[in-house]
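First, one chain by itself in structure tokens, the form predicted on its own.
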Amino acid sequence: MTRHTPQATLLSVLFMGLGQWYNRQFMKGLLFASIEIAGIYWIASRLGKSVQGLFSLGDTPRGMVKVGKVYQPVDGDHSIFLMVEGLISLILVLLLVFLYCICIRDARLTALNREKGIKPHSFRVTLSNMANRNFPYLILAIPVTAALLLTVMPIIFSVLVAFTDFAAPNLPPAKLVHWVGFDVFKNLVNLGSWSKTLVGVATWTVVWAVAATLTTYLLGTIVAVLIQQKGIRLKAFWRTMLVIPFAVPNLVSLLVFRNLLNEEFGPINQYLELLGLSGLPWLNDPTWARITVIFVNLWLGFPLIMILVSGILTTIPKDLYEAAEVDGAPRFYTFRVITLPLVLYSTAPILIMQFAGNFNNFNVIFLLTNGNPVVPEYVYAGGTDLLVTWLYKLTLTNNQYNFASVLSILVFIFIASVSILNYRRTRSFKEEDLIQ
């Protein structure tokens, strides 16, 4: 038996397409060879400059240069554009390496088939196989490519910015950005004002996430169980009325609450004054503002849990409740032993998602308080700012991109760690075959 595998593999390693030509697949070999020729041309003409720009972030800032007796503007290097171009170049290099490996694998598999007496596919058969057998991979390649360019690359870019001095007043193209290592991380911890803001905002973010998650979950569950009880009339009416806060767009509800709770002209304080009571600083005092946003979020969020738990309650076998009733078990004992464990089993992953969502709940805070009231000791943050709203202010309002990138990294690490750890500890993950 003639061995073709070593020759085809070696030729593909030397140059893309040679292995396919050795296997007498000339069109496929020409296609791979064209890719390598284009790749070599791009590497020789652009890659070196792009990688150099990524490492140096530019050498010439924008300015005025005297030419004769006249000053003329010079564009200079744009550090951020150089960083993005360098990132795209590295991704293209990885894509070329991926295609290179596919080429070698294809040549090797075809050679193995030849050794077994299987004739290599013609180019037409190869295209037909790609359109039929490999059709799912072709379709999946489109969103994967989009995710790589639109999601992965921005994430890598954001991480890189955390290691630069990209922040006002050092903004391109007027000035160049430089790599500063972990200085931004150290400043966030060591600088008094920044560290105090970080600790304050992070602590409130955790308190908010826990309180917002637990309050909506508990109230939604209790309301769903109460409506599900025997003897409750007009169940559909109660569910419809209570789901209205969820049906109204959050934007509208939050802006209405913002006006209702206004300390100076809000109707709630006016009603309190008519009753002889003094108005409360619902949104103007840090403590009251935090309590207020938790209650407003409770009003907006519990209907979703109520609907979810109502659906789960219909799946619990009635035999369990009938057996408990025959044994004379009190209602609360039945709820604690039967209802609550089964509801928790089904909703634990959603509870974790709720916690992660509330940790990054931008809308409620931004639309209701805009992060206010102001706390003089904080840097670019207010009394109700979460990490995500502080991050927003740092980037779009104050141009502190490097500090914002550090925050986004810390938030990602915390949320990912807590979510994965808690999900792996839930019964839904450990006993996924319990209810089927």
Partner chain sequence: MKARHLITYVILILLTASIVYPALWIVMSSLKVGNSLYSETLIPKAFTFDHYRELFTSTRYQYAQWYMNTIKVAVLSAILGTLMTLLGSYAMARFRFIGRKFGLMGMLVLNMFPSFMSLVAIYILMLQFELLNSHWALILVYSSGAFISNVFVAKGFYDTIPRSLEEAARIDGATHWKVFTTVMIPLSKPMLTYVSLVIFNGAWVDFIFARLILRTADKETLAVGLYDIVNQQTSTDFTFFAAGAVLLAVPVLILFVWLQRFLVEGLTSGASKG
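Residue numbers count along the first chain shown, from 1. Heads up, when I say rigid core I mean the largest set of C-alphas that superpose within 1.5 Å between the two forms. What you see is a predicted model; the values in this text were computed from it and never measured.
Here the subject shifts to the form predicted together with its partner chain, a form of this protein not shown in this document.
Residue 257 is the only one of 257, 282, 208, 355 with a heavy atom lying within 4.5 Å of its partner chain in the predicted bound form.
Only one of the listed residues (158, 334, 126, 195) places a non-hydrogen atom within 4.5 angstroms of its partner chain in the predicted bound form, and that residue is 158. None of the heavy atoms of residue 50 is located within 4.5 Å of its partner chain in the predicted bound form. Although the partner is absent from this view, residue 419 contacts its partner chain in the predicted bound form, with a non-hydrogen atom inside 4.5 angstroms. Contact check for residue 302: a non-hydrogen atom falls within 4.5 Å of its partner chain in the predicted bound form. Although the partner is absent here, residue 231 lies within 4.5 Å of its partner chain in the predicted bound form, judged by heavy atoms. Exactly one of the stretches 320 to 328, 75 to 83, 210 to 218, 195 to 203 approaches its partner chain in the predicted bound form with heavy atoms within 4.5 Å, and it is 75 to 83.
Along 215 to 245, a non-hydrogen atom within 4.5 Å of its partner chain in the predicted bound form is carried by 219, 223, 226, 227, 229, 230, 231, 232, 233, 238, 241, 242, 243, 244, 245, in order along the sequence.
The Cα shift for residue 257 between the shown form and the other one, taken after rigid core superposition, is smaller than 2 angstroms. Residue displacement note: residue 235 has its CA displaced by at least 2 Å between the shown form and the other one (rigid core superposed). When two forms of a protein are overlaid on their rigid core, residues whose CA moves 2 Å or more are considered shifted, and residue 194 is not one of them between the shown form and the other one.
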